[in-house]
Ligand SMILES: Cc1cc2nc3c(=O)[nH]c(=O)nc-3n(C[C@H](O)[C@H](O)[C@H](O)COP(=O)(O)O)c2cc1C
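Below, in structure tokens: the form predicted alone, a single chain.
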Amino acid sequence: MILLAPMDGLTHVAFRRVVARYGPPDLFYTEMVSVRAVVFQPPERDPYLWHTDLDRPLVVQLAGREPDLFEEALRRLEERFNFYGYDLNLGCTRGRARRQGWGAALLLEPDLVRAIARAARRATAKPLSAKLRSPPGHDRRKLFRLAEILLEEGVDTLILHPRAPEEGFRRPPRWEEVRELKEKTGARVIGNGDIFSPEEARRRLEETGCDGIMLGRVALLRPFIFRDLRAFLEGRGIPEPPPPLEPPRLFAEELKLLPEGLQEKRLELWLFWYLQNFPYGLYYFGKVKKISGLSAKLKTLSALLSSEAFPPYPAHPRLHR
């Protein structure tokens, strides 16, 4: 299986549709959705949950720490929508999650993780996954115990990003932990972390024996990665990349699905990553960021990217946010 990773502020409906237009993954994931937001606000109005027929099958990633709110949020989503499944966020280390005690903070609270997983399973019979990082210090004992708890409570799939929370993106992920998790549990295990080319994706699948891979930052750099990866795995070779201005044009077109107040900000968030494909990309980003309006930004991009071309894989970002 090939999955699109949930990324806060980035894997919204507009970006997912751009990916789908080039060639979809097996599963799309939403950006991180707070269970509090689902419970205390009308979920139909939440742009984090907006979707279309193109960006499916779609899994909603839920974040929080109150088991009763997970259960209520899932019940509300089940009543109002028809998502493919749900994911429990046990891996986010970003500021909002860290401050609230969500995401990777839960790695050290196994009893609470059990309660959350149990509450989620009570509320839905649909596929339920958990996306987690390696515990602090890469403690294998804690990792395997947490996996055991999740599986006991009805989680179907474990998605492991094998970096510890304190590492951020500073050190390479320890993909041997993905292999060990698969061997130890026998469960469906998906690996995630620093896959930047089709060749690397195939190597990780072969080395770990995992059931699939989840791609994140490489999809921001190259929204057509799923098309390329599928062609490569099927022995058809990697297709030629599109003109560099084509993805931004598609993205601006799809952004009309989001509230007007979010459109320009979401474009900038994505361009920070996308423009790193090119040697002067960060300079380009600085120029575009100073300009107001989607059409004006696209006009500037058209001039900047007119003589650019995508370099060969791997597509590796130079900076992180």
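Start at 1 with the first residue shown and count on from there. Here the structure is a predicted model, which is why all the values come from computation and not from measurement.
Just so it is clear, the following notes concern the form predicted in complex with this ligand, a form of the same protein that is not shown.
| Out of the stretches listed (231 to 239, 73 to 81, 141 to 149, 188 to 196), which one is close to this ligand in the predicted bound form, meaning heavy atoms within 4.5 Å? | Contact-bearing stretch, as computed: 188 to 196.
| Counting only non-hydrogen atoms and a 4.5 angstroms cut-off, does residue 10 reach this ligand in the predicted bound form? | Heavy-atom contact with this ligand at 4.5 Å: present for residue 10.
| query | Does residue 94 reach this ligand in the predicted bound form, with heavy atoms at most 4.5 Å apart? | reply | Because a heavy atom of residue 94 falls inside 4.5 Å of this ligand in the predicted bound form, the answer is yes.
| this ligand contact at residue 222 in the predicted bound form, heavy atom, 4.5 Å | No, residue 222 sits far enough from this ligand in the predicted bound form that none of its heavy atoms falls within 4.5 Å.
| message | How about residue 129 - does it come within 4.5 Å of this ligand in the predicted bound form, if we only consider non-hydrogen atoms? | response | Although this ligand is absent here, residue 129 would stay clear of it in the predicted bound form, with no heavy atoms inside 4.5 Å.
| Looking at 288, 49, 255, 32, which has any heavy atom no more than 4.5 Å from this ligand in the predicted bound form? | Only one option qualifies, and that one is 32.
| Between the options 215, 107, 155, 181, which residue brings a heavy atom to within 4.5 Å of this ligand in the predicted bound form? | Selected option: 215.
| Which of the residues spanning 245 to 274 lie within 4.5 Å of this ligand in the predicted bound form, based on heavy atoms? | Heavy-atom contacts to this ligand in the predicted bound form: only 273.
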